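Below are two forms of the same protein chain, given as structure tokens: structure 1, then structure 2.
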Structure 1
């Protein structure tokens, strides 16, 4: 028996299908969140728009948090299941975050897609050890890498009669003082202010590492210990304090906390500061702004590695990683976004151009501008955070403690000897507490 279908039923069916089609489409399209903390938000939005164009079933919402708050914000969100699907992380966070079960292990994805990841597969990624947790699982994918180098104004150096960039710490201080005496401009006007994430933490470590051991290390019995004496710590405090006492770093620098502060960038651009120490992204920013403001005029800047001590010139490999939160409802789509973001073209070629992918092939292939030649030279002697990252004392703890101890010395609240002893004691206590 055949059933007749009325015209009304056909119209109703067609209307139903028409209404259902977008619903089906809407079900297929998912929205994921990406927490991005760097200043280049418009450029990153461009990269995400390109990703959405290539993956019409995935929408990406970009969230912004300042780096100063990013760690605690993410950890709190992850604990209650509301962290973003994909998060930008500092190089030294994944191990601790993995231990806190705040990141999703990525081993299965790497096993499946590792050969196609980035420019040369997973094995070509840089700083993979920092992405691995204490349980040997991979919790993040290295995304960008950078290091600090010295940037200086060649004209001010020439006016002061200095023909080459100093290669040891005392020569650097002497050059800074000479520049101030002969040109009236500050020499190395490093930010000396105190806050949760002060720049002095990096400068202090560069000095200590080039002279001897770092703040903490693993002992022969496997336990971590403070590997510097209070006197060695004090040397660093005294060294930087002399810049302020001798007046070639003005006391106004006590009100600046961050390495890429506008005062530093503008000071370099206006020729009011002879030297600064910055990651390559800030150096590129200074060069770009110079080119915009002085079209056709060659930039008076050059870069060089930091001064060396018995251990050579030592800075650190810094950078960013990407991880997926354990609460992500769309881990496959999140992984797809990470795969896209770590691919040099288009992310780094068209959008995120100030940054270097954390991949060996990309680092060696990167063409540096002549003014930036100090950065590849510094990268050759840079070190990993090592025990700082794998040890039981959180880097933010040491960062804050070193910055505040240095600040107390700089303003004369404490002597360098007193501040060094207190810092040594504070880190020793934290080590003891966390190794119980």
Structure 2
């Protein structure tokens, strides 16, 4: 006997299906985490809000950690499976993180979407070599780039009778000395102190790279080597020590270690220092503080590339990368966030405006203030850390060793020849110990 179905049951069943249908077809919203270490949290939150509007199926929770804690905290979290889905990384972290299996390889995504990534595709990013692990897999995407440029006080230059910024190293030293003699103010008062991460590490490399070799290079056979001689290392120590010996970098700079120290910033703002070398974030800080303290008065500052040697003017590509945790439950959504963040507009055009996208095609897209024109010029001649970051001698080891060696020369504890030989020997031993 066939059971009869009432009209009321049919209508009720149809209504139930109609109510259930949207639940079947609706996209489920997922939540991913983004670890952000820079100070511009409100601006970045604005960029993430825009991402969420464009991708209503993805919600992004922004986590905050200081750069001083970021590396070790991320590694601990990745080891126990609690790392954020997307993490902001320093340029020199991905290789080691990938080796520790603390990042997800991105080769599949790059193969699929690389041609449409950012402003000019994957091949147009700076420092791609630093994103590659020892297993030749890509573990991060370069996101922002920065470098050091020279910032100088045009008024002090004019008072000293100097009409243009020097373009070679000896002319820079001579200009620094002339400024001190004619104005009584220090010329290039670079931080000469020693600490775990001293600024002198950068200044030494800028000098050495402009002359040719670096501390670590890669030979034609693929193996790494200490390519500088002790005499070439000594040349750099002697160059910077002359500033202290001649008095146009005061001895007080031996107590200053960091490039963006308050003594440097305030020295520029007060007109008591003629020159500094800093990343663009510090130059922007100086310009912003000048505008706050001197409303309506034009800033007396300009920027220029560092002096050149036979190898040109050479600084480095610094910056940040973005990586995905190996235990992310939502790697596709994490990748979609990275694709959005590395696109200049809107992230850099509207929100993260103090930073430069890490692509050659994006350098000119940034609206540089006239006082900042030295930075895009310097980025065009900057280099990747290259063998420093991909070789078997860790950058922190060399950074600390160079700082200690230079400091021993500056305070007269050791001769430049002695300190250079000891530094060469120390890096050679570390290379021999770690190279397979």
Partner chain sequence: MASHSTASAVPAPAVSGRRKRPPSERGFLFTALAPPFFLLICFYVYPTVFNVENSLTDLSLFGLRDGGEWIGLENYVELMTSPDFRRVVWNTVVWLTVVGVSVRIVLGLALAFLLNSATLKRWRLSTISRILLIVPWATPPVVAIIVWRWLLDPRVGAVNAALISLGIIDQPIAFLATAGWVWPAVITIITWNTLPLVTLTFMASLQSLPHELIEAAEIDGASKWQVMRYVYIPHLKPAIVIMVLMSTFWTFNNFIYIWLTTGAGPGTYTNVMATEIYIKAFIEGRLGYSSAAGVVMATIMTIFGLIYLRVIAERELKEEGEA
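Only a predicted model underlies this, so the values are computations on that prediction, with no experimental measurement involved. Numbering follows the first chain given and starts at 1. Only the largest set of C-alpha atoms that superpose within 1.5 Å between the two forms is called the rigid core.
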For the form predicted on its own, pick structure 2
| request: Determine, after fitting the two forms on their core, whether residue 59 shows a C-alpha shift of 2 Å or more between structure 1 and structure 2. | output: yes
Does the C-alpha of residue 81 move 2 Å or more between structure 1 and structure 2 once the rigid core is lined up? yes
Per-residue C-alpha change between structure 1 and structure 2, residue 114, threshold 2 Å, rigid core fit: yes
Between-form comparison on the rigid core puts the Cα shift of residue 136 between structure 1 and structure 2, in Å, at 2.6
Shift of the Cα of residue 50 between structure 1 and structure 2 with the rigid core overlaid, in Å, rounds to 8.0
